[in-house]
Each structure stands twice: as C-alpha cells, then as structure tokens.
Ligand code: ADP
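The data below hold one chain only, encoded as structure tokens and taken in the form predicted alone.
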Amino acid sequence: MKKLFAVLLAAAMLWGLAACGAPEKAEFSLFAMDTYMTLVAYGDEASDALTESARAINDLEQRLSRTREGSEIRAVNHSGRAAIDSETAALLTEALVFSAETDGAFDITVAPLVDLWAINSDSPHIPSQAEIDALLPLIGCDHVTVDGSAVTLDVGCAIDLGGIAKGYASDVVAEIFAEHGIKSGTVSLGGNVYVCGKRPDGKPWNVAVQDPQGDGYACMLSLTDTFAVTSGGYQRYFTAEDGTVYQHIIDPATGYPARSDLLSVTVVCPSGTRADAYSTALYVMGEEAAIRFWESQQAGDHAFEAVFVTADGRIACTPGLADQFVPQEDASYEVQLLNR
C-alpha cells in the first residue's frame, strides 16, 4: 500500500525526438501492484528493455502479493511456513533489517491491522481499542523467521510487502535497463520513481513532489541516476461521520493510522527498495524523529537525502539536495534547508 506521488513532469518525459540522430524512444504503461505505472527508455534496445521490465513487474506481483492466489506470500500467510524463491527470501531478509533499523516504524507484519481498518477497501472500519489491542501482540518482525528458502510465521501473524514491493520492482527494472545498455530513461511506479542517466538533451530529469494539500506540486527535484519515493497520508484515506480523517499508513506501535506532523516524506537514494521502506518509516516517525534518523545514517553506506513537507507549512530539505531543489512558486510553503 502506498506510495504517493512524486510524478515525473510530462514535459521531461516527452522530450522531443525530431532531431536527426536522436536515440530510439520506447514507452510502456501498465496497471500492476494496485497502481498505474509508466516506463520510458531511450536506446537501441529500449523496446526489449521495457518488454522485459513489464514481464518482471508482473512476475513480482504474482510472487509478492498477499492476495493473489498462488503467491509465495499468500502461501506463507496461509500455512505459517513455506519454501519460497531465493529472491523473495532475500527481500524478506532485507525488510527485516529495515524494520530493525527504524525501530519498527517500517514493519511488514502490519497486515492484520491493515485488514482490520480496511481503509483501502469499499468498507473501511473504525475498530474499537479492544480489537486493536487483540492484534498488537501479532505485530513485529520477531514473528518472522527466514532460514535459507524457508520462511516461518507465528500463528495469527501475516506479512504484507505492499510498503516495499514497488521500490524493489524499480530496482529490478534498473538492473534490466543496465543489461540492455539503457543510458536514459524514467520509471514511475505509482510514486516510486527511478531516473536513469540524464535526459536525451543532457539535462537532469525533473521529478515533481506533489503538494499534499493541492492538485499541483510542492517542489521540483533535478535528479540523475537515482530513486525517489514519496509517502504520505493524503491520497488514500477515508473520513468518518464525525469528520475525523483516517489515512492509510498504519503506525505499527499504536495500531492506528499514523498521526504524523508530516504531510509527506520523499526519500532520494541509490536503492529503490530502501527508499520505499524509509519513506514509510519516516512518515510514521514524524519530523523530529525522522530528522534524527536521517542524521544517524549519513556516516554509513545507507546515507540518503529527503524532502519533508510538514503540517505547519514548511518544506524541509536535506543539504544534499540543495542544488537540485526548486520550490514551486505558487505553493505556500516556507522552505527550510536542514544542516548536516
């Protein structure tokens, strides 16, 4: 579930190819993993790269979806133990690491709470505290054991990879692009964005971060060869009869939809999988804890940059994006550059 909207500007994606000697362009759209996806590639093998990428995305959905008949995750959730593909086992292991790094703010075992609230369904439910309390003991990655290709899950628990699957898919597509010699392209998987190289005119790709409070965008990022993933509660939610808004990202610690002082978090880093997990976790943490986490990661191999859109009307940008950040003139946010 997720991921909310860092959109590639159409003008950047539809760069004109009328000039003599321009690289071959291929574009492909599909609906998978509960979102619309658009892939664009430039190069002699562009069409082959997109065909292979679409096939890989559909294969990943078949294996990673917890609702698809025959999926590996569905099998684990149903029986509590199953043998899975080595690639899936590696992804689960990585997800458990992300959970440990973020003190559980990102957690793939949140599935029972997601089902309880049913916010993404046609019949959302506001549970009682007793219902939530009954499920909280089932949440936590200590309930999952990965041993080689065997996965064991404690009784009553369930795995949901919706908060990481699209990020992982973007990593897979990036590998396919590299194998086909693609030097320029874009991948937009429902808010999980990968930009390959530069635009055919030699300029960086423009990635827009949606304004969580409007139809436009809050800022623009000029990016090259990286991943950008945005999370927030502003796109999937329901409003109760008393006017309370419940958004879809669940806080694993409380069992309630996250009550964050952030409207959205965009994470930029060399890994789509990590960006996907971190963007969710930082949104759940809230601004103060999210910035502390960003600071704690800067000295290691997991350094990343981020854009925080806050509920009090600010856009806080980490310094590594300072030269790539362009605020939207019509947006009413105060821009704040964080210190490293």
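The first residue of the shown sequence is 1; numbering continues from there. These figures come from a predicted structure and were not determined experimentally.
One more form of this protein should be noted, the form predicted together with the named molecule, which is absent from this view; the next part is about it.
Although the partner is absent here, Val97 lies well away from the named molecule in the predicted complex, with no heavy atom inside 4.5 Å. Though the partner is left out of this view, Arg236 does reach within 4.5 Å of the named molecule in the predicted complex, counting heavy atoms only. The closest heavy atom approach of Ile249 to the named molecule in the predicted complex falls within 4.5 Å. The named molecule in the predicted complex comes within 4.5 Å of a heavy atom belonging to Ala105. The listed set Ile126, Ala82, Val114, Val172 contains one residue whose heavy atoms approach the named molecule in the predicted complex to within 4.5 Å, identified as Val114. Here is the short version: of Val209, Val267, Val110, Val193, the single residue with a heavy atom within 4.5 Å of the named molecule in the predicted complex is Val110. Partner contact region in the predicted complex: 280 to 288, out of 280 to 288, 23 to 31, 300 to 308, 40 to 48, criterion any non-hydrogen atom within 4.5 Å of the named molecule. For the stretch 163 to 192, the set of residues having any non-hydrogen atom within 4.5 angstroms of the named molecule in the predicted complex comprises Gly163, Lys166, Asn192, in sequence order.
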